[in-house]
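Next comes just one chain, in structure tokens: the form predicted on its own.
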């Protein structure tokens, strides 16, 4: 018979007991042991978004990012698939690249001058006479690499696990919405990095941002001043209790807020109301056919939905949002506004102005969310209330054509989807 101490130890090792379909325990957000386990069992295994192919157009192009807290360099070394190198010198562990993006054929560690090609191989150690061949082989000191790298529609993902589900299996139903995000472009491609990056941090757990991006319950309260400011009330209707919008559990931890039932006709009507928009539409018809072109325009790329790709990628409006855990109570977030390849300059300019208005540094959205994250993390210090409920919409669901669980836009299906996958990975 298993004793209480043994059972407690087993639970502490697994952590999945901290989550149910009805609630999340406060320790999920505040316990450093949970955070350390997440880095190993989630970020150390699953597919994590690291870059977009449009940032790596020429051999020598690179961007730096993180897989969890592990720094990486994503490089175009002339091979078909980008490489994801671990940004750590194989001598004394200093990071070998400090820039967020650029072009380089080599990366040189500033500590002792070791020089690595952009495929990760060590050229030679400095003052090489100090190394005897009996003790040192150059080929043993290449930069580490993510064992698996793959891409979908230009989105580059890496996994630190030697084996596991393919990227296509991991993305599952999320691919439908990545397709819609990209297909608004006349060429079917988006451009990342050309419009710059918004970056912010907050003193709270990374999962607060993951939950929030697909939380349709908060906008009418946190963002009321922005949504209700001279817009005829339409924005407030998107997330009202009587909204026709939907929230969905897409499976595998991915989740969706779907505003197309409210905005679809408006998008289609406004998109084709100008000569430029009509010309754009005709380009889409030529490439996709009339039926698909109409669907893409009604979605208007990511402006018709918010998508969460487990664990830390979100597509919202025109942006790629990437969440980086730093500490159990510290998170950094990168927002990459995207451009539509082949679209008119005024089309992309309008997209950027819309992004700036809500998501830019002085926008109406991010500051309110960040303040809520701070307040939540502060409130989690209260130990007498252990559980955060996930009860909204628990009993009003329908099954979608691809097995999605669909409910009202203000329901907590997205959060339950995320934590269901979280628990699976933390128990594995």
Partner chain sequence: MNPVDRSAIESFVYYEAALLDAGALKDWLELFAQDCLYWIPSRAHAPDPVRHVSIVYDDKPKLSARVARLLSGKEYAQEPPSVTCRQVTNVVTRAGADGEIEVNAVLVVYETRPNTAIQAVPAHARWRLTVQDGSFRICEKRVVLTDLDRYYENLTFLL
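Please read these numbers as outputs of a predicted model, since none were measured by experiment. Positions refer to the first chain, counted from 1.
Same protein, other form: the form predicted in complex with its partner chain, not shown, and the subject of what follows.
- The closest heavy atom approach of residue 258 to its partner chain in the predicted bound form falls outside 4.5 Å.
- Among heavy atoms of residue 392, none comes within 4.5 Å of its partner chain in the predicted bound form.
- The closest non-hydrogen atom of residue 69 lies beyond 4.5 Å of its partner chain in the predicted bound form.
- Residue contact with its partner chain in the predicted bound form: residue 86 places no heavy atom within 4.5 Å of it.
- Residue heavy atoms within 4.5 Å of its partner chain in the predicted bound form occur in exactly one stretch of 155 to 163, 275 to 283, 106 to 114, 320 to 328, and that stretch is 320 to 328.
- No residue in the set 180, 266 and 308 has a non-hydrogen atom no more than 4.5 Å from its partner chain in the predicted bound form.
- For the options 174, 297, 146, 339, the one in contact with its partner chain in the predicted bound form, meaning a heavy atom within 4.5 Å, is 339.
- Of the listed positions (225, 244, 234, 93), a single one reaches within 4.5 angstroms of its partner chain by any non-hydrogen atom in the predicted bound form, namely 225.
- Residues of 194 to 220 lying near its partner chain in the predicted bound form, listed in sequence order, are 194, 195, 196, 197, 198, 199, 200, 201, 202, 203, the criterion being any heavy atom within 4.5 Å.
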